[in-house]
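Heads up, the chain below is alone and in the form predicted on its own; it's given as structure tokens.
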Amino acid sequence: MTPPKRYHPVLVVLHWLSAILILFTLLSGLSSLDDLPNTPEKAPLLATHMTMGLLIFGLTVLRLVIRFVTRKPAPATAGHPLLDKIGIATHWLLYLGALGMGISGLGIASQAGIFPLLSGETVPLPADFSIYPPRIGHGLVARLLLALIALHIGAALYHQFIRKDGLLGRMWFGK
């Protein structure tokens, strides 16, 4: 049976939705949330960040399940075996990073007792989130994810404009 030319449409939707949510959540977390003092004014932004993180976590799990049960296009090549291995590793590290951010975020929220923020309740924020061990991982993985995203986008642009192999079309709609 010939492999499809494109990924399943549900995977395409999940990919682009996840990409937008991850970029927005990473950038808001690293720029806004890190710079704001832990006052009551920060709580709504933190609640939004937490909601987005939970959504990303759920979408990533769903995406992995669908990825394993649907047919995929033939493996792509970047023109060199080492680049091909880097591409495979990058994709799996992106999944792992998204899951790691969700798990560490859940750990922070649990230890800080801030889950009630998700339902709009008011709870005192800790003076410093860095006292919670998962916060260290959350910050490190956020920066790693940004680097992986930059690599992923760079590779997509390489395929589109240098190799001109139409690879981006695999993660879009069509026949």
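Quick caveat, the model's predicted, so the values are computed rather than measured. Numbers for residues come from their place in the sequence shown, where the first is 1.
Below, we refer to the form predicted in complex with a small molecule, which is not included among the displayed structures.
J.: Answer with one of 59, 26, 43, 148: the residue that has a non-hydrogen atom within 4.5 Å of the small molecule in the predicted bound form.
T.: By the 4.5 Å heavy-atom cutoff, the listed residue in contact is 26.
J.: Candidate spot 11, 70 and 87, all three in 4.5 Å heavy atom range of the small molecule in the predicted bound form?
T.: No: no residue has a heavy atom within 4.5 Å of the partner.
J.: May I ask you to state whether residue 116 is within 4.5 Å of the small molecule in the predicted bound form, using heavy atom distances?
T.: No, residue 116 stays farther than 4.5 Å from the small molecule in the predicted bound form.
J.: Counting only non-hydrogen atoms and a 4.5 angstroms cut-off, does residue 34 reach the small molecule in the predicted bound form?
T.: Residue 34 belongs to the contact set for the small molecule.
J.: I'd like to know if residue 38 sits close to the small molecule in the predicted bound form, meaning any non-hydrogen atom pair within 4.5 angstroms.
T.: Residue 38: yes, in contact with the small molecule in the predicted bound form.
J.: Can you check whether residue 135 is within 4.5 Å of the small molecule in the predicted bound form, heavy atom basis?
T.: Residue-level check for residue 135: yes, a contact with the small molecule.
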